[in-house]
Ligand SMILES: NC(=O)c1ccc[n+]([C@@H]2O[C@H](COP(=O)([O-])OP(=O)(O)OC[C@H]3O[C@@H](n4cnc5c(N)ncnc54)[C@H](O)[C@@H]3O)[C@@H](O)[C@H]2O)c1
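Given next, in structure tokens, is a single chain: the form predicted alone.
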Amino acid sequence: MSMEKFDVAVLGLGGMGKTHVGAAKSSPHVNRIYGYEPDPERRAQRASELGIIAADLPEILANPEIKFVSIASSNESHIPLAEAALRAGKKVMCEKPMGDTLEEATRLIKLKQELNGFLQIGFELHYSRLYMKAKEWIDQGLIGKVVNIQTRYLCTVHHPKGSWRSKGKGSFLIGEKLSHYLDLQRWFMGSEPESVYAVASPRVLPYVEYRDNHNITTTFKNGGIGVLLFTAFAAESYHGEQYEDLLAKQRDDGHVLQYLIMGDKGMIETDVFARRIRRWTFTDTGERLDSARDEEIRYPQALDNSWIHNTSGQNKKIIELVANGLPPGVPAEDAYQTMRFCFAAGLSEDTGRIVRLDELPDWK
């Protein structure tokens, strides 16, 4: 393993940027860390708070010692920042979504291909132990061929009025939030989506322009199906209260984040708020199909981040790949297919019809 040390830059120093800075600080490959915000005063303030070096964008792009750039800014700036960093020869990690439009995402992939650049999009659930274990069981054949994936995600909105997230429109939440969970459906199914039908009821949240609930039904090319049910208002609101175990509290007040991954030989359940993953085996007894729970893993509260949303672990791994001259762990081309999936779901909601994925352009 290489122990090369290099400088990195984090573009966007909000809440997610803080996570990116923390991951860089914990990497043995990182020397200096630079931080960028477009507003100079906020840039200086946040850099001071995070213990990093404030720098403007041209300075970062021109600095040959900065080998790696991670982008944790608001959505509309992902594409211009990623394009600028790739053109400057930087290795790039960018939070999702990969653009506000499919045209933007296509342009970014084509630039990455043209420059033979390093680009990974932040789908950290590929690095989260809960979902890695589910994928491991699937790849081991323990539930047979995956035929049906049910995803339930019930939560409550947490960002305030006037924030950039609250100003999203239409199907904004599909790319901003649900892209993670549609991406997992692709990963678990081992097949690309063929068609999508998505609907949303009237909004409950009065101060947003995006649809705050989604029912997304997908048929996959291998014949499997997936269903995602999401609401942003069902669970009890959290106002920063101190609880000994926040997940246990949320599980009791209506929060749900659960997968049921059904195969022809068994089933897997992942349950974030129960902190567990379970597996069932189906057996033909000659008289009927019997189902028995075979395996259960529970993890402690202290490991929540690494099991549920392992952004820090993902970023550390990407930095390690850069240090060793290796390609991205999750290719940007794969992330692009998830974004096509998301845009197809949004188009279905907009038009009220089933949308085939082959209706949408591809980068190839």
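What you see is a predicted model; the values in this text were computed from it and never measured. Throughout, we count residues from 1 along the sequence that is shown.
The protein also exists as the form predicted in complex with this ligand; that form is not presented, and the subsequent description refers to it.
- Contact annotation for L81: at least one heavy atom lies within 4.5 Å of this ligand in the model of the complex.
- Proximity of G226 to this ligand in the model of the complex: non-hydrogen atoms within 4.5 Å are absent; the residue sits far from the partner.
- Proximity of K317 to this ligand in the model of the complex: non-hydrogen atoms within 4.5 Å are absent; the residue sits far from the partner.
- Taking the partner from the other structure, this ligand in the model of the complex has no heavy atom within 4.5 Å of any heavy atom of V21.
- Of the residues given (P28, P38, G329, G325), P38 alone sits with a heavy atom within 4.5 Å of this ligand in the model of the complex.
- Taking H180, R186, R152, K249 one by one, only a single residue has any non-hydrogen atom within 4.5 Å of this ligand in the model of the complex, and it is H180.
- Comparing 161-169, 215-223, 262-270, 106-114 against this ligand in the model of the complex, the single stretch with non-hydrogen atoms within 4.5 angstroms of it is 161-169.
- Contacts between 93-112 and this ligand, taken as any heavy atom within 4.5 Å in the model of the complex, involve E95, K96, P97.
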